[in-house]
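Consider the single chain below, provided in structure tokens and representing the form predicted on its own.
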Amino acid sequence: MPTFEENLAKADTYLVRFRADGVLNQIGGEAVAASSGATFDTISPVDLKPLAQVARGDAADIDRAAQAAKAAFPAWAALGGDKRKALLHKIADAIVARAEEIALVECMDTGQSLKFMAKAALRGAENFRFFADRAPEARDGKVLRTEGQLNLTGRMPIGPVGIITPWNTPFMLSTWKIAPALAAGCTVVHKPAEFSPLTARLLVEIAEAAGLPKGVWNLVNGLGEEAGKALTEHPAIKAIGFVGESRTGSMIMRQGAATLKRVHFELGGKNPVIVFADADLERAADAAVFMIYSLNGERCTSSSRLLVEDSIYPQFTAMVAEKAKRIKIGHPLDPATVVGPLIHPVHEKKVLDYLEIGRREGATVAAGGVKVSGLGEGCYIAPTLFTGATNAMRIAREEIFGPVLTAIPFKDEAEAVSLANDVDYGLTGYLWTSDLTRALRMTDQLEAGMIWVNSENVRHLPTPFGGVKNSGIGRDGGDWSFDFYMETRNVAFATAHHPIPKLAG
């Protein structure tokens, strides 16, 4: 395993090109600056120093990209599924070949530790392979018979689509949204988050070097209120797939309403992990710690509320606090680091504000609760556990999106369900119990799109991914992705003569 110093040297080598050339847009197969010439700086959360200047795209750049996607759509949609499959596998192979570069660049751009980002590129490649294998059948439908009629259903790609991805694990989440769009036969305009744009540039380069035709995949960097807004409003864009905050999702829905855009939202969460006294407590504690403190707590599926049966509440929260205190905080390229810096000073301030809010509300800091000193100018916050909390507190109801866990006791199954459901979100739930019938009852009652029983978040790609309430609209994964990127149509054939109504004699 490479040392910290070796990782740092390699990362610096990979970043040289971005420092020299900046981060350009990719439109119609060409690397281009913003039409206005404007740029913005992207900084590393490790030390707050600039990594690169990024093209600041606006409505003119979005229009050019949308027109390129529109022009490329007929040929790409007409390409046979087997050919799309082969091409997407070539992209996956190319991602694997550059996995180290992707991981090191993403660590420096996001602050996520190499412990997790080392696998992000490989997961991205798997996303491409998964949907590549389904491309040949993406248009298939059903034969529906009735007396005197044969119905053939099928699916067709919806057209050029806009993809807006978040800053927390940008490479993997970009592949998760873009791979099924391409497999379905759609063309793409991708607007990555402004806080972490570097690996989006690598990804589109990899795709075109692997043979993806020009204009099929276009990249426009920029701010949400400029490039993002223009993308959601553009009439040539038929659908918007967005991963990010619930508030932004609501805004996108309003912006796309005039053009009746289809939308798919993977939004926020305030996910409960519910622990009963009969659970395997050591495994449950490890899972709870993993799901809130891995990826710096910057994940939509994090278990940010810990609901514990009151008879074991002191014991279990003490176990979690002890584990949280032992987590290694440090530079993301240090192989021993688990928690790195948060993405940006703006987000760091938000999380620090919530630590103060929790104290003012009367919760007890059982672990962490502070900005970590001695690690330079980066955005480092210690893994935090609040105990003595109630579900009425803001730290229990609002998405913090950082390494902050709020523990609340419950007395019985009914109260556990009530507490779990008493938030605006409904993305995931985690349930720990050895009672199978209780697990069946609870999973029937929990308001969440995904629930894991006696497990942390272990993804199986054919299963649906998505939430209810303010956590989103629609599902990713398996054929559910194609349901979004494709239109279903029916063709009815008369198989016998039948009386046709006559309106005139």
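The numbering used is simple: start at 1 and walk along the sequence shown. Note that the coordinates shown come from a computational prediction; the quantities given were computed from them, not determined experimentally.
As for the form predicted in complex with nicotinamide-adenine-dinucleotide, it is not shown, yet the points below apply to it.
Participant: Could you check which residue among L202, L87, L267, A138 gets a heavy atom within 4.5 Å of nicotinamide-adenine-dinucleotide in the predicted complex?
Facilitator: Selected option: L267.
Participant: If the cut-off is 4.5 angstroms on heavy atoms, which of these, K323, K238, R134, K229, is the one near nicotinamide-adenine-dinucleotide in the predicted complex?
Facilitator: Contact residue from the list: K229.
Participant: Using a 4.5 Å heavy atom cut-off, indicate which stretch of 309-317, 69-77, 366-374, 394-402 touches nicotinamide-adenine-dinucleotide in the predicted complex.
Facilitator: Only one stretch passes the 4.5 Å heavy-atom test: 394-402.
Participant: Flag this candidate site as yes only if W167, G224 and E245 all have a heavy atom within 4.5 Å of nicotinamide-adenine-dinucleotide in the predicted complex; otherwise mark no.
Facilitator: Yes, all three are in contact.
Participant: When the contact criterion is heavy atoms within 4.5 Å, does M291 count as touching nicotinamide-adenine-dinucleotide in the predicted complex?
Facilitator: Close contact is absent here: in the predicted complex, M291 is far from nicotinamide-adenine-dinucleotide, nothing within 4.5 Å, heavy atoms only.
Participant: Any of the heavy atoms of Q255 lying within 4.5 Å of nicotinamide-adenine-dinucleotide in the predicted complex?
Facilitator: Yes, Q255 lies within 4.5 Å of nicotinamide-adenine-dinucleotide in the predicted complex.
Participant: Is G215 close enough to touch nicotinamide-adenine-dinucleotide in the predicted complex, meaning at least one heavy atom pair within 4.5 Å?
Facilitator: Outside the cut-off, so no.
Participant: Would W452 count as a contact of nicotinamide-adenine-dinucleotide in the predicted complex, using a 4.5 angstroms cut-off between non-hydrogen atoms?
Facilitator: Close contact is absent here: in the predicted complex, W452 is far from nicotinamide-adenine-dinucleotide, nothing within 4.5 Å, heavy atoms only.
Participant: Would you mind checking 411-434 for residues with a heavy atom within 4.5 Å of nicotinamide-adenine-dinucleotide in the predicted complex?
Facilitator: Residue within 4.5 Å: L427, and no other.
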